[in-house]
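Only one chain is included here, represented as C-alpha cells and corresponding to the form predicted alone.
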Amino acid sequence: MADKIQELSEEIKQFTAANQEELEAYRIKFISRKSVLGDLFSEMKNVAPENRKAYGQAVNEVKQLAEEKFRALIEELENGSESSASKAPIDLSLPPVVNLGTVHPLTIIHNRIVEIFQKIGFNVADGPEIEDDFHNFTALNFPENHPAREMQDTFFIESNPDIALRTHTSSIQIRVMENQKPPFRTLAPGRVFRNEAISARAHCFFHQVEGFFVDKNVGLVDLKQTLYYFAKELFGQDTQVRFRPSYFPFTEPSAEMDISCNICKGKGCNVCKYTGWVEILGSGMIDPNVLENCGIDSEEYTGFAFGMGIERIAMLKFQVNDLRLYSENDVRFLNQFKNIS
C-alpha cells in the first residue's frame, strides 16, 4: 500500500496540462469524489488498527499535494492564455468593442410620460428636493394639523423643522405659479421622499410626475379629456378609464383615476386585487386657496392638477412586482430593458 501511495505522489508531481481537457482529466483522477485518492481512503478499513494513523497521514499528504498541484496547473494555463493573447496580432481595422449600458426602466417611463404631455403643449419644470414648509405644505392648503406634516410621513431637517425633503413634486407647481403669470401648462417630474418602511410595494424615496394647467375657463372636462388621452397613449387605445371621488387638500373636487388592468385585461389578478382595475394617479381642480396663495386671482383663473408615481406606472408597463428592484442596480434586472426605449 505504501508503494501505491508513493507512485501516486510521483505521478502527481510529474503531471502537466497543456489545455483544459487535460486539466479536467487531472481533476477527475485526483480531486473528484471518485478519484484514486478516494479509493485509498476507502481502504482505511482494511489497514491494521496500529497502522491506521500513519496510513491516514500519508494519504492526506498526497491529497494536499494533489490540490496544490491542481491550483498550480490552473495558474499555468491562465498565464499561458494571457501570454498567447498578448502575442496575437492586433487587427487595427476592426471597430472598437464598446459594451453599451441600458436606459433605466424608470427613465424610459419618465421620458414616455413627458413625450405624451409635450404633444399637447405641456412644458417641463424642475425644483429643489429640499423644500420649506410654505412650498411643500402651507401654499398647497395643508392645514396645520394635517397628518402629512408629522414625522411618520416626512423627513424634516432636524436643525430646522420648517425645512424638509419634499414629499411631492406639487411644490414645483407653487414655485411656477408664484413666479410666472398664467396661463400655465406644466409638467413637474422629480424624486420625492416619504418616511415609510421599505417593502415590495413602498419605498422611502420614489419618483413622481405632477402636471397642472391654469387658464381662464378651465373646467373638469379639460382634466378628464387630458387624462383620457394620456392613459390611452401610454397603455393602449383599448384601455378603459374610470374616475372615483377622492380627497386632496390642494384640489376640489378631487378624483383618483383607475385604468383597466393591462395584465389580466380586466378579468382580475393579484396585481389589481381581482377587481380588474388599477389606480394610477390622483387629480382634481386646483383649490382656489392654492391659486390665491400664489397671487393668482381665483375669480379670473381656474386650473386642474394631477400627480402619479413613475414606479407604479413602470410596474404596470413592465409587470415588475417589487419596487426595490428599481434602486438595487442589479445588472441582471437592468439588462432586460436593453431593447426598450
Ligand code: DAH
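Throughout, we count residues from 1 along the sequence that is shown. Here the structure is a predicted model, which is why all the values come from computation and not from measurement.
FYI, the form predicted in complex with ligand DAH isn't displayed, but the following is about it.
K.L.:
Can you work out whether ligand DAH is within 4.5 angstroms of a heavy atom in all three of 119, 189 and 230 in the predicted complex?
P.N.:
None of them does, since no heavy atom lies within 4.5 Å of the partner.
K.L.:
If contact means any heavy atom within 4.5 Å, which of 90-98, 248-256, 110-118, 179-187 contacts ligand DAH in the predicted complex?
P.N.:
Answer to the contact question: 248-256.
K.L.:
Please determine whether residue 210 contacts ligand DAH in the predicted complex, using a 4.5 Å cut-off between heavy atoms.
P.N.:
Looking in the predicted complex, residue contacts with ligand DAH include residue 210, since a heavy atom lies within 4.5 Å.
K.L.:
Is there a heavy atom of residue 55 lying 4.5 Å or less from a heavy atom of ligand DAH in the predicted complex?
P.N.:
Output for residue 55 is no: heavy atoms all beyond 4.5 Å of ligand DAH.
K.L.:
Closest heavy atom of residue 314 to ligand DAH in the predicted complex, within 4.5 Å or not?
P.N.:
Flag for residue 314 set to no.
K.L.:
Quick check on residue 290: any heavy atom within 4.5 Å of ligand DAH in the predicted complex?
P.N.:
Contact with ligand DAH, no.
K.L.:
At 4.5 Å, heavy atom to heavy atom, what parts of 168-182 sit next to ligand DAH in the predicted complex? List them in sequence order, or say none.
P.N.:
Counting only heavy atoms within 4.5 Å of ligand DAH in the predicted complex, the contacting residues of 168-182 are 168, 170, 173.
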